[in-house]
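Encoded as structure tokens, the following chain is the form predicted alone, with no partner shown.
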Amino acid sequence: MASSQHEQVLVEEKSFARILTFNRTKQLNALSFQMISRLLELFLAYEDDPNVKLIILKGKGRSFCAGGDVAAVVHDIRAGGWRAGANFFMKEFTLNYLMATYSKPQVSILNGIVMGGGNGASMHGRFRVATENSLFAMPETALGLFPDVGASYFLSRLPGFFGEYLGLTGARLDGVEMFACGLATHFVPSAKLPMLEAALCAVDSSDPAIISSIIGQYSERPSLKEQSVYNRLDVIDRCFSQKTVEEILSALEREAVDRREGWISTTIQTLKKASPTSLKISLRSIRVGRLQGVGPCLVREYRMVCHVMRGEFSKDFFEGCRAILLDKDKNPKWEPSKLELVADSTVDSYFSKVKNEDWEDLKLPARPKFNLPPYVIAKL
């Protein structure tokens, strides 16, 4: 089993490219603290290295990265208090920010499962390549958490209110849907990935236009399946543009009467099973994120995740992890148990500074704007 951080992230140097491969296949490449630390170290070193023009990120086995290792975080909190969890997210969000503001192109090959923290490690990079094996989700509301890792930035920028739909329901998308909505920049059949990788490794350039044209040579523009939920964006927009979670549910229930489409009743059931507190803070987070740059989104999400770790307003995160990851009875007992019992003042509290004398807001690394490409500056 890969135990050291060097074994958990494999590094290949090929001409001007560096290929970083997640290597925790038994855990579906879930991000450990060691992996995050190693990635941070490598990305910082490569940015200053003139011999590195491009970073390729991929996963070994059938997963790119199934998320942060939440079970390990819960174990650490139980052993050492909430700050142990906060430390994990501090490092992870710093990595997300570095990727979002990176001066060199990052190409993420999403040939498998990409969920939660796996999206944080890929969506902020310049290029995201989906395949027929890709499986996207942000399933945090089922765990008593919220879409973090900068998701309030990248989900809020999807067409219409599709980001609210994905963030609240944890709905899964295939590679074609990822490409259609913009989560992926390209769709490449997995059989062509070795050729794509070889072509990228031969490039002596950090010019995104050149990198894009190379990926484009192997790309396809596949059609959505007829039953794809992305073909129902008109219904999603009508429902998920509502002001509150309660109003979203009411709108879905009205649509269910009129349409009798299976995905609508599935969506209603999914929302009713999720943590009410998580749903409310998630909706607020995505709405606020639509008006913020990526840095402020991550700073705010760090505040939110510290409140979640402390369990002061709700212990749903620990209950969700127990029910889904540890005991696996899939029957969490949320508290509060209903949406109407989650007060607006409680939701407000998640967005406030933590009242702890030695707690600090997330300090993001300074980024030299003169050295950043225009597509990065636009995110700030």
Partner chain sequence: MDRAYQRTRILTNHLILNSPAQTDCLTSNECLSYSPPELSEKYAFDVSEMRRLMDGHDVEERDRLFGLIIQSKLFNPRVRGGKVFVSPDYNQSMEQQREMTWKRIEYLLERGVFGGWMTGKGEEVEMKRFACFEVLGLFDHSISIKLGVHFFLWGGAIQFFGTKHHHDKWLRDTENYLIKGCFSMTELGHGSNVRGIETVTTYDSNTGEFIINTPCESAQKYWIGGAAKHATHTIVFSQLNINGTNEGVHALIAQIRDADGNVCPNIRIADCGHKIGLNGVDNGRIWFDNVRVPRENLLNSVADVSPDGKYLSAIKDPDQRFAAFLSPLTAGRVNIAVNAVYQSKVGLAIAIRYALTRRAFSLKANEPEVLLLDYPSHQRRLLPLLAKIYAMSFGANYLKMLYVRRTPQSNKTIHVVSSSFKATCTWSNMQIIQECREACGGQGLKTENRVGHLKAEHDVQSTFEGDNNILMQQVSKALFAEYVAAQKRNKVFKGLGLEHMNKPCPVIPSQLTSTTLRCSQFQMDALCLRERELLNRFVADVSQCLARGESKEHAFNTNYQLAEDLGKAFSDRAIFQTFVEAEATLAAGSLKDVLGMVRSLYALTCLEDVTYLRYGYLSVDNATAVRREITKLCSELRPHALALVSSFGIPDAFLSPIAFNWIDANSWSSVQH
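Since we're looking at a predicted model, the values are computed, not measured. Positions refer to the first chain, counted from 1.
Below: the form predicted together with the partner chain, not depicted.
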So which of Ser265, Thr185, Ser190, Ser206 reaches within 4.5 angstroms of the partner chain in the predicted bound form, heavy atom to heavy atom? Ser206
Could you confirm whether Leu158 comes within 4.5 Å of the partner chain in the predicted bound form, counting heavy atoms only? yes
Wondering, does Glu261 line up within 4.5 Å of the partner chain in the predicted bound form on heavy atoms? no
Is Asn371 close to the partner chain in the predicted bound form, meaning a heavy atom pair under 4.5 Å apart or at it? yes
Just checking whether Ser103 would be counted as a contact of the partner chain in the predicted bound form - the rule being heavy atoms within 4.5 angstroms. yes
Every residue in Ile210, Arg238 and Arg367 with a non-hydrogen atom within 4.5 Å of the partner chain in the predicted bound form? yes
Proximity to the partner chain in the predicted bound form (heavy atom, within 4.5 Å), stretch among 112-120, 220-228, 283-291, 171-179: 283-291
